[in-house]
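Take a look at this one chain, the form predicted alone, written out in C-alpha cells.
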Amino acid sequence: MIEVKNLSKRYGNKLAVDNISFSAGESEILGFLGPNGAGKSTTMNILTGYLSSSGGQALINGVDILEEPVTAKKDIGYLPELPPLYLDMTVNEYLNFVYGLKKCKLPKKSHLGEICSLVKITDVQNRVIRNLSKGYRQRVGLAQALVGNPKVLILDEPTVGLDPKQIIEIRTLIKKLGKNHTVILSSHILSEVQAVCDRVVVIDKGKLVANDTADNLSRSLSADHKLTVQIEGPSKEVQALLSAIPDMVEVHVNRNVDKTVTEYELNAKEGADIRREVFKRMAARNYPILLMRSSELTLEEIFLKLTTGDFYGNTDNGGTK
C-alpha cells in the first residue's frame, strides 16, 4: 500500500532525507521512529503530499504522490501532531465540512455515524470542539482522518498529551483500525510502538538504520542470549536439570531469593530458544518457575543503540547487519 523508493529531500546544502527505501503492506501497522532532526517529519510530509521530494518516489497504493497528488491523497487519512480542528465548530459541523472538503461519495449520514461510533465521539457530536477535552479532540482528529474510508492512515504522535486511560483507548483503536487499513504510526512513546506495531522503521540523520520487527531487532542487536529465571526447588538438582538442556552453554547461580527459591542466569547457544524446555523440565519435577526474563533489548534500548552511532542497518536490503 505504501512504497518508498530511494527517497531524498534536500534543503539547500542540507540532505534531510538520504536515499531511504521501505514499504508497508495491506493491514500492517508500521512504527516510524527517529530522534529529533532525523528526517522523520520530512518523510511523513512527503508521504502526505505536503512536501515534494528532491529524488526518489513515494507511492500510495501504486500512485506516485508527486505525479498524481489528487489521486494519491484520496487513499490517505492524515492525523498530524496538532489535529487540524476548527474550534468554533461543533463536531458534526466539522465532520460535515471535512466530508465536503474531501469530496466524499459515501452516504454522508451513515458514513459519519459509523466513524463517530468507531472513535467513540457519538455522545459529543453536538458539542463545540473548543469545549472538548484533549482526549476527545484527538478522537475528532482521528475521525477526520477516517472520512472517505482511506486505505492508508498516517498518524503523527496520536497520543501526545493524553492521560494513561486515553492512551490505552487510542492504542486499542489504532490496533482495530490496523485490521482494515495500512497504518504508519510515529510516536516518541516507544512502549506504545512496541505494543501496537507489526514492524518498525528507524531513521537517523536522514538515513534508514533499521527495518524489521522489534523482536528480530532485539535478537540481532543483543550481545548475549541470556535468560534469568527464579525457580523454587533444591538448587543443586535444579542446576543439574538446567545444565542438561540441549543448547545450554552455562548455568550460573545468581543468588538465593529465599530459603527455597534461587535465581539462575542461563546462557544458551546463539539462536536457541530454551524457554519451553526449561518449563517442561521444571514442570515434570513440580518446581515452580516464579520469574523468567530474557536479556534481549527493549525497543527503547534498540532505539538508543541504533541512533547513537553504534549500529547501522543495511539500507540496500532493508534488513540489519
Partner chain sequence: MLAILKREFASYFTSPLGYVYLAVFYGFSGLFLWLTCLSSGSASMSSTFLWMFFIMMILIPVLTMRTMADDKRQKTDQLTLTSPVSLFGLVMGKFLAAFLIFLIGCVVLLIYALFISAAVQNSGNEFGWASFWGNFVGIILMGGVFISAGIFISGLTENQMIAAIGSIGANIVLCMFDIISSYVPVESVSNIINSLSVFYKYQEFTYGIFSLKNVLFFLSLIVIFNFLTMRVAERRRWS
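Residue numbers count along the first chain shown, from 1. Every value quoted in this text rests on a predicted model; they were computed, and no experiment measured them.
The following text describes the form predicted together with the partner chain, which does not appear among the structures shown.
By the criterion of a heavy atom within 4.5 Å, Gly113 is excluded from the residues contacting the partner chain in the predicted complex. Heavy atoms of Gly56 never reach within 4.5 Å of the partner chain in the predicted complex, leaving it off the interface. Remark: Val98 counts among the residues lining the partner chain in the predicted complex, judged by a heavy atom distance of 4.5 Å or less. At a distance threshold of 4.5 angstroms between non-hydrogen atoms, Pro150 is out of contact with the partner chain in the predicted complex. Proximity to the partner chain in the predicted complex, defined as a heavy atom within 4.5 Å, holds among Ser52, Ser294, Asn254, Thr260 only for Ser52.
Among the residues Val124, Leu85, Ala195, Leu118, the one placing a heavy atom within 4.5 Å of the partner chain in the predicted complex is Leu85.
Shown here without its partner, the chain carries Lys73, Pro80 and Gln144, all of which come within 4.5 Å of the partner chain in the predicted complex through at least one heavy atom. Only one of 43-51, 285-293, 24-32, 269-277 places residue heavy atoms within 4.5 angstroms of the partner chain in the predicted complex, namely 43-51.
Along 1-15, these residues reach a heavy atom to within 4.5 Å of the partner chain in the predicted complex: Lys9, Tyr11.
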